[in-house]
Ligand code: UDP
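Shown here is one chain on its own, the form predicted alone, set out as structure tokens.
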């Protein structure tokens, strides 16, 4: 297809997105719907990498607040992302996709180690590649992992899927006067303290000139329309 504006993308999914209306874990209907959207985009000829969070199971910072050592909590959070990655792999494969899960921590029995060159080769072969366990180190979020992996695999953009349709001046669920930005610079996101991604992730993208697009994954056909240049959500760039 000649009307596609991206060749390779990195999709960042939050663990919470998989919960649907549940309080915990994974809603099968939600993960199935997300998988269908992703496979449709791959069928357009797009190479897809995915980073998924683990907040629907464990979040390191939250565990630390409850008294668990932060490093231990972050390692538990990494394992939660592996669980979500395997669930996503299974859902994608049910729709006919070929999927590889690569982990930043060694867990050979269930997935591969993350090796950059191998990851790029998977993408070139048409495998959806899911990057699990963050960057493999505590104190770094999966947002930072998404930025890092996007840069490493030479993606065209980081697509952060959220429950809202872009970046707002304030929480639109709490502030009726909040307005949506169509475009922001990296520095504006940092200076305005807009809680779209953690600062380290935004700085990493800024330093490597990696665009970030924030959009609502629950909007029908949003991913497909983005591939064709639709101005959905909010773009963060220079």
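Positions refer to the first chain, counted from 1. If you're wondering where the values come from, they're calculated on a predicted model, not measured in any experiment.
Although not depicted, the form predicted together with the ligand is the subject of the following passage.
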query	finding
Candidate stretches 95-103, 150-158, 137-145, 117-125 - the one whose heavy atoms come within 4.5 Å of the ligand in the predicted complex	137-145
In the predicted complex, residue 59 touching the ligand (heavy atom, 4.5 Å)	yes
Close approach of residue 166 to the ligand in the predicted complex, 4.5 Å, heavy atom	no
Residue 53 within 4.5 Å of the ligand in the predicted complex, heavy atoms	yes
4.5 Å heavy atom contact, residue 88 to the ligand in the predicted complex	no
Neighbours of the ligand in the predicted complex among 77-111 [non-hydrogen atom within 4.5 angstroms]	77, 78, 81
